[in-house]
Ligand code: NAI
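Next up is one chain by itself, shown in structure tokens, the form predicted alone.
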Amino acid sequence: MKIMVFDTKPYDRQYLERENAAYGYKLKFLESKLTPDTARLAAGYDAVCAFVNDDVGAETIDALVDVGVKLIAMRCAGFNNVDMRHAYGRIHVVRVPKYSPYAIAEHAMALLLTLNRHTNRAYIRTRDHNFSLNGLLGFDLHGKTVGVVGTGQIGRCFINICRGFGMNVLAYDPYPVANSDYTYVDLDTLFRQSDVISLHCPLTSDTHYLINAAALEKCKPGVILLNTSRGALIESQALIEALKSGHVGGAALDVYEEESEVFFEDCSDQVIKDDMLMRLLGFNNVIITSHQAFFTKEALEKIAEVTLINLKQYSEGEVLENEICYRCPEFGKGCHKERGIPCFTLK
């Protein structure tokens, strides 16, 4: 089987090639993102492998189908960049539903600790032999209330970490964990009572701009926001206004709603034209990392492992365990895989 891997970085190639040694598939690595234009480069390939910021919309899907590609293997958990309805019946889409929830939860806590205790600023100061503590005042996490939006595997890992710090936890999820000891509340209550809010939910039509101006008005003055999920969960302009007014005490963002042309790239010799991103970078109480939360050895190993398993299942005609389609339970229409039936047969 021949697979074209788009949006490739050196670490992608390293881990995918290592895992592929057991399979022997032909992998072609491209630095270019998957777009309607680059999709046609996959002519003669059985599958393409894409990432979080690739364009897998209707036009791209049409181009892939036109050149004979039968499978899109997303090497990530999220698929909000894929037009699933357009793909249905025309091309299979698989993903890596989980790799290391610990990686993302631990990064969220690292961001919170850095933002609160200003260790990033302290490091720079002491390197310049400035040992003043002025401006580095933080607060105890112990006893504070953290609101966790989304209690999937990552959210649950983050809750465990927060409990280790002695924090009180409020949780929101439309699908609560059964028989858990979590204190579930509605979103308004979570906004009003939380000192820290951390987002661990997927991006859907229901969660797009979950944190907007109206939501921020309900939050405690000085609230800290963490986002290691998807950028468009937060309305950036509303966040900027709340930071300017001081109502939001700080934000730590590993994702950004318009990140696709910037994150994962070296832009140090360019003028960044995204005014909102530049405004956020200008706040001394905002920390931005470049979609880094997943980036651990264990996560990369798991991503490569599951991606190759997905490809193997397709090549051997098995039911695709990690296939996604708009009829999946997330879309409220049940799932054939529970009965060992393929999601669909290609038209």
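All residue numbers are counted from 1 along the displayed sequence. It should be emphasised that the depicted structure is a prediction, and the values quoted were computed from it without experimental measurement.
Just so it is clear, the following notes concern the form predicted in complex with this ligand, a form of the same protein that is not shown.
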Worksheet entry | Partner-contacting position among Thr145, Gln237, Thr119, Gln153 - heavy atom within 4.5 Å of this ligand in the model of the complex | Gln153
Fill in: Contact residue in the model of the complex, chosen from Ile72, Ala108, Ala251, Val149 - any heavy atom within 4.5 Å of this ligand
Val149
Worksheet, complete the sentence: Only one of 160 to 168, 92 to 100, 126 to 134, 239 to 247 sits within 4.5 Å of this ligand in the model of the complex by heavy atom distance, namely 92 to 100
Practice prompt. Mark Asp173 yes when one of its heavy atoms lies within 4.5 Å of a heavy atom of this ligand in the model of the complex, and no otherwise.
Written response: yes
Worksheet item: Quick one: is Leu320 in contact with this ligand in the model of the complex, heavy atoms, 4.5 Å cut-off?
Response: no
Discussion item. At 4.5 Å between heavy atoms, is Phe294 in contact with this ligand in the model of the complex?
Written reply: yes
Worksheet item: Could you tell me if Ser229 has a non-hydrogen atom within 4.5 Å of this ligand in the model of the complex?
Response: yes
